[in-house]
Each structure stands twice: as C-alpha cells, then as structure tokens.
Ligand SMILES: CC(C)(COP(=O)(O)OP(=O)(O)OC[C@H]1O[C@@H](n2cnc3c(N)ncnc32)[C@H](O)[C@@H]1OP(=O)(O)O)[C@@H](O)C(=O)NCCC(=O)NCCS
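A lone chain, given as structure tokens: the form predicted on its own.
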C-alpha cells in the first residue's frame, strides 16, 4: 500500500470491477486506446495486475481517495514493450469525474518514488499515444523528459518519457 496526501494506492481486488469498468468502458477516457474495454477485457485487466503482483511484486494499483475510500482509478508499474524493449513503465487511468484535480500526478509521483526506493531499476518510463496531452503533461510534472518518439502500430506514434535514478535523486534534494 502506498499513501499520499490525498490517496491510497492498494492492490486490486475483484470487488473493484464495477468502478474500473466505469472508467475503462468510457469512450472519452479511453480515446487514446484502440477501443474502450468490454466487461471481459476489464476483468482481464484486473487479473493481469493480480498476476503482475505475483510475478514482479508490483503492477497497477487501485487508486482510492483517502478521505472516502472511493475507487477513482489505477496507477502503478508494469513491464511494457517500449520500442522493442521491455521496460518498467508508470501508467495511470483516472475516472473523468476526477480529472484536473492532480490525482494522476500525485499517484504517478508516488509510484515513481516507490520504484527508486524499492527496486533496482535505474530508469522508469511512461509512454503514451502522441495525442495524449494529459499523460505526457503528468510525466513532465513528475520530472520526466521526452526520450523517444517512435512509430507504434498500436498508437501510430508513441512518445516515451523517463527519469533516471540520478535525476530523481537530484530532484528529491531540491
């Protein structure tokens, strides 16, 4: 479990299905994906993350509001194919009812810190479709810089942002 000022990030449970489906089936939220998720794909997302916890010790975690316990999205670390390399990546989805409140930035920052405090990775990435301004704005806000732009059959063009352990340490020192 990761705790921030306003959020708690915890492992997914099957009870998160309905709240996650509301997010993943929404065309606006999923506009940067090939298509919104159906119920099977949403359940697959949860089980993929449960498997990732076992395999890697991390995955995407459920993001809940500390004050109310409401499930508002997910954020965490997965191993992703970024231009042909399998790399640790911070990803996030926040329910559109909670957009523009800084929750993705807060959750992603906590995950960035978790990676450098609990793993031996020397660099963490975020990648996204080139049209996903919200995602790359979040990456920039958390000290990442654009390191790659590449053709991607899934996204047409993807951008990759990253921060190294050394950059993070300098950032933490202020």
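Note that the structure is predicted; figures quoted are calculated from it, not measured. Numbering follows the first chain given and starts at 1.
Beyond what is shown, the protein has a form predicted in complex with the named molecule; the following relates to that form.
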As a check of understanding, the residue in 128, 115, 62, 46 with any heavy atom within 4.5 Å of the named molecule in the predicted complex should be identified as 128
Since only the chain is shown here, I'm wondering whether residue 29 would be in contact with the named molecule in the predicted complex (any heavy atom pair within 4.5 Å).
yes
Residue 94: touches the named molecule in the predicted complex, heavy atom cutoff 4.5 angstroms
yes
Would residue 147 sit within 4.5 Å of the named molecule in the predicted complex, counting heavy atoms only?
no
is_contact(residue 141, the named molecule) in the predicted complex, heavy atom dist at most 4.5 Å
yes
At 4.5 Å between heavy atoms, only one of the stretches 63-71, 50-58, 120-128, 36-44 reaches the named molecule in the predicted complex; which one is it?
120-128
Counting only heavy atoms, which residues in 119-138 are within 4.5 Å of the named molecule in the predicted complex?
127, 128, 132, 133, 134, 135, 137, 138
